[in-house]
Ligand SMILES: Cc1ncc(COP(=O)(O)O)c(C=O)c1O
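Here you get one chain, nothing else, as structure tokens; it is the form predicted on its own.
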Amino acid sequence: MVGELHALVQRTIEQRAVYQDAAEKFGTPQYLIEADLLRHQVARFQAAFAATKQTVRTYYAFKANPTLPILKLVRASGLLADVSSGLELSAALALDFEQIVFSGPGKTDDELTLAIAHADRVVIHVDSFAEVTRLNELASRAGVVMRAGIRLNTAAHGLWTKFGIPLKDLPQFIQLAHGLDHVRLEGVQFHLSWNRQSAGYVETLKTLGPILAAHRPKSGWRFVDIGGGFYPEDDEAAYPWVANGQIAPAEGPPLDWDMSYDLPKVAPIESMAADVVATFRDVIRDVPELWVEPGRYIANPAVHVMLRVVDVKGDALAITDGGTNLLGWERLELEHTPLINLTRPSAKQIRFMVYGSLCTPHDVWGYTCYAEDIRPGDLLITPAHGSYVQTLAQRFIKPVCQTILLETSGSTSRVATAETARDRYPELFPTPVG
């Protein structure tokens, strides 16, 4: 899969004039959202499942990237909303998403009450026996019947054991729900992460099929919701030495370390959709709808981080004007994502330590760069950072940077300052200190 990553680098270099224009107009550092790339990801995902002729509802996972321009774009593209908190639920309601699923553990009474107030649009995936009882009490006070799914915890969950109820407890849970007048069970949800292949979904559906057939709520099952991330094909790669338990020193890997890398093998979304739907039809009986919750697949390719080189020390050490607080954590000490010098690009990488401007030695943007050389003033870009980056970005030493939206119309590219979430909904997205 190295070729896929090289294709990403090639495309980025070919588009460099557009990125340079954005940097000149709005400065750096910046997140650059490519609207057309995001729409392409939505359209490809939707087309993959539409080709199966199965009734599928697609809910965009807000936690992957809740930046306002992205939420507006996915809403306009016809996706529904998958939220995991009252904050995200408030944003989905304010943006008028047609249907919303609310999942996650530890929902507060205030969060449940907000969902109940919009029972016509919200389905709650209840996470425990205690939560469904609280939900029934709150819905009773409001005089409404709340639609609900059951979040399940299966053998495939691994470290996700904090979520949902064990599959073996499903019969007992349904029996409890039958005695609740203000909760109507309609489906089940399970969440699997890091889905580069379809095997996890396939095996879990096979396990779930006979259990759902044997145990049904009064009105039958309406949906099975397979939560979790479908991987895009250009996501991060691990350096080979990470698999051996090695961590590079702050000054960078020794010169004799192997710096080659490869992307994990990712099945195309078309084959993933075909496998999942074929299994769903084969093993899940009398359930009309399949729900899916992509986040990473939609957002990741569409957002890039642009930086300007402020200083170069020695022969191969550069410092940029943006810190890795923009990523949320020191991920690039372990993971490789391409770093490209748009001012002096090359199809080949050179060894060059590239740091951010934070007061910590772990502020690493990359150990290599697609560049002929790196000099002060050069514009660098690291593409495909749309998932769990803006979500986790933090005001550590420096503020979170601006977000710019790139719209393309015909052969003309237009860069415009993106409306930030706090511009329109300041009460939902407080301004970072800085």
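One rule holds for the numbers: they count along the sequence shown, beginning at 1. All values derive from a computational prediction rather than experimental measurement.
Here the subject shifts to the form predicted in complex with this ligand, a form of this protein not shown in this document.
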Requested in this report: May I ask you to state whether K398 is within 4.5 Å of this ligand in the predicted complex, using heavy atom distances?
Outcome: no
Query raised in the report: Using heavy atoms and a 4.5 Å limit, would one call H336 a contact residue for this ligand in the predicted complex?
Result: no
**Report entry** Close approach of F26 to this ligand in the predicted complex, 4.5 Å, heavy atom
**Finding:** no
Report task. Tell me, yes or no, whether N325 is in contact with this ligand in the predicted complex, where a contact means a heavy atom of each within 4.5 Å. Result -> no
Requested in this report: Work out which of P301, G149, G228, G164 lies within 4.5 Å of this ligand in the predicted complex, going by heavy atoms.
Outcome: G228
Report summary line: Among 61 to 69, 370 to 378, 399 to 407, 26 to 34, the stretch whose residues bring a heavy atom within 4.5 Å of this ligand in the predicted complex is 61 to 69
Report summary line: In sequence order, the residues of 82 to 100 that place a heavy atom within 4.5 Å of this ligand in the predicted complex are D82
